[in-house]
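Listed next as structure tokens is one chain, alone, in the form predicted on its own.
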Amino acid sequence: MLSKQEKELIIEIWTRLTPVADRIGAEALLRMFTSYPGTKTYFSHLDITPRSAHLLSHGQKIFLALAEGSKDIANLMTTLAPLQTYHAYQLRIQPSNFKLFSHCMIVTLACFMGDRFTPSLHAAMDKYLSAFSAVLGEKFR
């Protein structure tokens, strides 16, 4: 899946961007809601307008979960087990939405990082987010 170098690159990026986790996470969510309006149904109880406290808070939670998962990619199933169960059985999030969000996160990272978002980083991030999405969606029935 990911080479040692790719894993180190992913950890470095998530760690470096953690101070702006709320902004990046919120922008990725907003992109998803704008591009795929059907995804808003899971957030009807929240204020998901740009720069709202709910959007920033939830964006930060997602970003930090991604950052935490990157620290031990080989054990994503264990790391994400509580989130996996919560999203599958309580929230009933369709697994396809994780893939949509992953795409929006990649676009957001590319916009935020500019020239620092190299093709090799793009490839590594795509692999990581695909694995993350697969793990989160695995228990859905």
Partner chain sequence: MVEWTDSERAIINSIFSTLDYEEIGRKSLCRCLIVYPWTQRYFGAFGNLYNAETIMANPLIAAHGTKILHGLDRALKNMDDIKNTYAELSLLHSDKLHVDPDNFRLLADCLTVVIAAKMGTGFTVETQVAWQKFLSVVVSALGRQYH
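Keep in mind it's a predicted model, so treat the numbers as computed, not measured. Numbering follows the first chain given and starts at 1.
The same protein has a further form, the form predicted together with its partner chain, not shown here; the description that follows concerns it.
- Although the partner is absent here, Asp47 lies well away from its partner chain in the model of the complex, with no heavy atom inside 4.5 Å.
- For the chain shown alone, Asp126 is a contact residue for its partner chain in the model of the complex, at least one non-hydrogen atom being within 4.5 angstroms.
- Of the heavy atoms in Thr118, some are within 4.5 Å of its partner chain in the model of the complex.
- Taking the partner from the other structure, its partner chain in the model of the complex has a heavy atom within 4.5 Å of a heavy atom of Tyr36.
- The three marked residues, Arg31, Cys104 and Cys111, each reach its partner chain in the model of the complex, with a heavy atom inside 4.5 Å.
- Note on the interface: of 38 to 46, 51 to 59, 23 to 31, 73 to 81, the segment with non-hydrogen atoms within 4.5 angstroms of its partner chain in the model of the complex is 23 to 31.
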